[in-house]
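The same protein chain appears twice below, in two forms, each given on its own as structure tokens and labelled structure 1 and structure 2.
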Structure 1
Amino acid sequence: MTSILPPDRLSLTSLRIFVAIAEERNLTRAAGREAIALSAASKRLADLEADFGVRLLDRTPRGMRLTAAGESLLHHARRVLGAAQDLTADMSDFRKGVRGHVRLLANLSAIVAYLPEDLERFFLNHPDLRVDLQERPSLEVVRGVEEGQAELGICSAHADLQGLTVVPYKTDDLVVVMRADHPLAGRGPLAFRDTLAFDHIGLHAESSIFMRSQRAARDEGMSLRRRIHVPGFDAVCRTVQAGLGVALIPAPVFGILGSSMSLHAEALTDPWARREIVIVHQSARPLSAAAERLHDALRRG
């Protein structure tokens, strides 16, 4: 039974140097890049191999080549170093006077439409707090909060929310954006059905807007003509501007992006176009002081 060597004997410096060697495939260059003597780098590598009992690189006359074990270590080392990097970055914030940190997951609509102003106001009142905001599709927001990756989540209300505390955040309405010269422009509020004759520009396939509209198309007994998926509402709008089709976006997003691009929007009359956006957190664990503040601020926002 070879006991797994405790993570102790492992040094982040060695990992960093290993990554450099693996990337450069050349000890000399790697040592230069890491500002360390060639001999020291060599020793660290040899020690790693000795500790793990595994050859990590095949030495060739003109450099080094990763073994399978080396490939695996490279992958893991990057993860470890990335996590360490995040750690120091956060600590550095605290040193600069930050007094609290909240991890927040939110869907793209919320990030584009509502969070900027709400967070701005929040930071005015709490300059000493910081928010780590990550974009996720609504379903993954829920998962992330359940798993404790983040304390707070913002997502559309239709995910499976049991075990979480839910408070309403915003209500938003989807609108149809199109070029000003589009046949549908100026016709007033539209039924989703009316848009099905045209190509739709969508976010990535996990987005709740896309899933929703696809379902709605089925409900109409038709299928959604989606010509392209692009990342981000700005890309959606530019694509619409290019005349590739129409798109569904939250009304506030149109207010931000659409006007400056001289696009046109019509309201959508279907009931599902009104979406409830909520704030969620684990019911079991109490919120940190910082998260509590943010939660309050968003709820009142």
Structure 2
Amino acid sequence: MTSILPPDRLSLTSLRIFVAIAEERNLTRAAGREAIALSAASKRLADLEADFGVRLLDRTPRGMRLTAAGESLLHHARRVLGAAQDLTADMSDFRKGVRGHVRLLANLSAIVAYLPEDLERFFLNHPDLRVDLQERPSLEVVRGVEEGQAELGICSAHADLQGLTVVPYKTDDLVVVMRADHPLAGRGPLAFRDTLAFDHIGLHAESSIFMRSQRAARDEGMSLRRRIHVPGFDAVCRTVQAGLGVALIPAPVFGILGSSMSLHAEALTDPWARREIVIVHQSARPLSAAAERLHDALRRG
């Protein structure tokens, strides 16, 4: 029987190369990405499979495909490599006089509308702390916190938050943004149903705003006329400005971006247009001192 690989024999280099192979689905591209010889990458993969006693990837006509064991290893490898990167960054920061490092995942709404001012106040009171902020859709924020990719997350309360500690952060309302000459301009407040006769511009398909609007259209027995998906609120407003349709964005975001483009916004009467944005973290894992300070500052903010 093959013995289990002792944890102290795990190589971070081998895990990094395995992650590259899994993401690239191609051994040659992975070797190029990691700047090592193809033969060396192949040996690293073979050694991992031999050490664990399982096949991690299968070769197919379309490239390399993860096995069930490979999927599991990819999940753990990302966590291990992320923790190692955090460790290196934290030790470097301590050497430079920084006394704490917090990784924060947040949805786009929070990053545009709320976090800049809240983080400004936080850093004024805690200049010796650092925050690594990354934008993710709400579902990915939850997944990242669950998997330990970040200590704190900010996301829509409509995500599946079971198993996480949840604290209220902000409340806002979605508005319909349009050009001032649009037929709906001046007719608000509007029911979402009133907008479904017009083309909609949406954020990417994983955004909570898009998923909520799509679900609301289905509840009305209608379909959402999606004309285009764009990656951010600035692109949403620019596309609306070009006359390609209407869009849903948070009211605070419209105040920041839409008014400067001479766009018009109407309130929505639908109850689901009122949104709760929350702060989440793992219930079973205590926050670091730096994360606790950031958590308290955001909660007060």
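Numbering for residues begins at 1 and runs along the sequence of structure 1. In this text, the rigid core denotes the largest set of C-alpha atoms whose superposition between the two forms falls within 1.5 Å. Remember, predicted model here, so these are calculated numbers, not experimental data.
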(request) Mind telling me which structure is the form predicted together with the DNA? (result) 1
(request) For E292, decide whether the Cα shift between structure 1 and structure 2 is 2 Å or greater, given a superposition on the rigid core. (result) no
(message) Once you overlay the rigid core, does the Cα of A216 travel 2 Å or further between structure 1 and structure 2?
(response) no
(message) Once both forms sit on the same rigid core, is the C-alpha displacement of D181 at or above 2 Å between structure 1 and structure 2?
(response) no
(message) So with the rigid core superposed, the C-alpha of L57 shifts by how many Å between structure 1 and structure 2?
(response) 21.2
